[in-house]
Each structure stands twice: as C-alpha cells, then as structure tokens.
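The data below hold one chain only, encoded as structure tokens and taken in the form predicted alone.
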Amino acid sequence: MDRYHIPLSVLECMNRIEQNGYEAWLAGGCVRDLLRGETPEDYDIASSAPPEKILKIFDRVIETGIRHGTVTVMIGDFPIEVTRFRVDGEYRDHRHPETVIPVDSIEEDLARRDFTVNAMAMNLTGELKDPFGGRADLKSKLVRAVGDPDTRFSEDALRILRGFRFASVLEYTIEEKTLEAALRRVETLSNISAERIFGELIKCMLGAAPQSLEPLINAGGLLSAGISSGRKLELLAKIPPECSLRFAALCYLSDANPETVLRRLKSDKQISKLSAGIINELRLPAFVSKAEMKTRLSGFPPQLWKGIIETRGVLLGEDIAECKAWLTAIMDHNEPYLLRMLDIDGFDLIKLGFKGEKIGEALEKLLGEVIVSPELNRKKILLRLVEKHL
C-alpha cells in the first residue's frame, strides 16, 4: 500500500478502526484513482463498524449522514468519510433509496455501486477486492455498470449522467449494454434536480472528451434543458476547457439558446451571460484589425480573449494566427481598451471646463483614439488632444 502514497491521516484512521476489531477498506473513486496513478480528491472508507462505534473510537467526528451509516472523521484538518457496509433499500423516485440496510461484508457493499471502476476496495495490507472486474475495465478504459445496467439506472437516474461524465473526464468508452440501458432510460432524468444535472454537465463539458455527450443529447437526454440535437461535437474537445467557452460552443453546435439552457439548468448567471455573449461574437465576421478586436472583445474578461479567438478558429475555421499576434501585442504592451485604462479621467476634464454628459463623450472619443494608436495614451498627449479637438 505504501507505493500509493496514501496520506498518513487516512492510514491512521483505517488502522485505528482495525485496532478496535472492525474492517476498514478504502472504497470507490479513491481506489479507482489510486490504481490509475492519480491522486484522489478525497478518501472514503467502508467499514464493518457501526457509526456509533466510530463516534467512540475518534475524538472528532461529524455526523454528516449518520442515518445512512456515514460519519466524517477529522484527523487533524483532514476529513475522511467513513460509512458502514450497506446495501440500498427500494428506490421510489429514481434517485434516493427509501432505506439503507447494514450488511456484514465489503463484497455486498460493492455490489450496490454504480460502475465497476468504482466498485473496488483496498485494505491496509494492499489487498484488492474487485468482484466485478473493475481493474480489467480500467485497463480497457471502459465504463461498465455493476450487474444489470437497467437495474442500476432505474435505481438512480443520476448514474446516467455520471456514466457520461466518467467517459468524458477519463476518456473512456461506455460499454455497449451499459450505453444502451442508459439511453433507454433518459426520460428518468426528469427526476433529477436542475442543479445536479448542471453540476454533472459542467464536469462532463470540462473533461478531455466532452463529445461523449453526443449519444445522450441525440437520445433526448437534455431536452428539458433546451438542447435537442448535437452536430460535430468532437469539436468541443478542441475548445479551451473553460466553462462559458464550452457551453457556448455546445449551444452553438446544437442551435440552442445559451441563456435558455443555462436558466433551465439554474446555472451561475455569469456563465450564462458570458456564454450568450460568446455566441453573439461567433455570429460576427472575422476581425479585420487589432483595433476592432479590442473594441469587440472589451466586454469580456481579458483571460477569455485567447479562448474566444481559438473558439472562432475551431468552430468557424478561421485562420487566427494574425489575431493571436495582435493579442500578444495588446497584452505585452498593456494596450488600453477600456475607459479606466486611459491616462486621463473625468477630474482632468472637469478642470478643463467639461460638465455633465460632455465628460463621458470626451472620454469615449479619446478611448477611440488610443484603441487605434496606443502610443497616444499619455496624459500630456491626451490633454493636448482634448484642447485641440474637443
């Protein structure tokens, strides 16, 4: 187990559980990531210990989901979720089990999980429990449901989106029967909250293979969000992995309105605003000058400019080499493109006798001058321009 570089806090937690006569297994996504050579974001422990025993074993325990057998153990500042071996009771809403039932073995616990790559467990000695062939599927880069896929997806519809998310993030292929079952049950996604759909969709969109969504979209899986079809979604992977850029590209390729889509998904308003603005930009002709590029892109955060230019190249087939050179010059020389970047302000104009709307009009005219000729952005030069022309 040492070769996996597991944090000492996690090892200490497992060891103390075992010293008290109970089993402790790393389980789920952390085992998947360790076997892939990745560092897990968090560590979950499946244990034979009831949560009330965990409360006695450790000094600092948060009762995060005790009715489902889950508590969070704090080792220093490190949180570790510990859950008693369990199976799920009957699902009535395609999302949550009515009850959870304690069981005695890790094998039974793993049988309730969604995909084989998430249904593995490892103990302190490094022993691997892999009853469903998850390690083989890791090597084959397959997303395969545990047991009968129809059963897995009928239990929890969110697993449909999780399958596509894993395919995108891990660049895996969804196994044929698993994919067929997922697409048969896309209508059950109506049981999932818009916020959860948006969360899974974001992760999928930012993955290495966002085109994995295409079968789901074409089967009507995102109809409720306003996305009915997708074309050339393989282009999404070439778009810089930034949320508003990829959402704009998805909506552009799907002929969908980003404001409608993201409103229905109850997304962040800023993402919605940026995505809509990016699509409007994609509908405009190619940039013909550096000054025009500064004017058109001034409404976007500077960190998006390069991505917008690259998105035009990917989706519209434009030659963007010259635009990239312009962008480099703008950034390297801090060329002005906003009023606040002028080396003059309203107070300077008030001293010259400007009042009311005339102040804003004068500043706008000066900005137009320096956007074309950045070298004019010096206070003395701008004051002379004001006195001579305005």
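All residue numbers refer to positions in the sequence shown, first residue = 1. Everything numeric in this text was worked out from a predicted model, so none of it was measured.
The form predicted together with a small molecule exists for this protein as well; it is not shown, and the discussion that follows is about that form.
Asker: Which residue, Asp343, Asp348, Glu322, Asp42, is the contact with the small molecule in the model of the complex, using a 4.5 Å heavy atom cutoff?
Answerer: Contact check passes for Asp42.
Asker: Just give me the single entry in Arg185, Arg113, Arg246, Arg312 that has a non-hydrogen atom within 4.5 angstroms of the small molecule in the model of the complex.
Answerer: Answer to the contact question: Arg113.
Asker: I'd like to check something about Phe166: if you look in the model of the complex, is any of its heavy atoms closer than or equal to 4.5 Å to a heavy atom of the small molecule?
Answerer: Phe166: yes, in contact with the small molecule in the model of the complex.
Asker: Is Arg162 one of the residues lying within 4.5 Å of the small molecule in the model of the complex, judged by heavy atom distances?
Answerer: Arg162: contacts the small molecule in the model of the complex.
Asker: With heavy atoms only and a cut-off of 4.5 Å, decide whether Asn118 touches the small molecule in the model of the complex.
Answerer: Yes, Asn118 lies within 4.5 Å of the small molecule in the model of the complex.
Asker: Should Gly69 be classed as touching the small molecule in the model of the complex when contacts are defined as heavy atoms within 4.5 Å?
Answerer: No, Gly69 stays farther than 4.5 Å from the small molecule in the model of the complex.
Asker: So which stretch, 297 to 305, 208 to 216, 105 to 113, 266 to 274, is the one near the small molecule in the model of the complex (non-hydrogen atoms, 4.5 Å)?
Answerer: Of the stretches listed, the one contacting the partner is 105 to 113.
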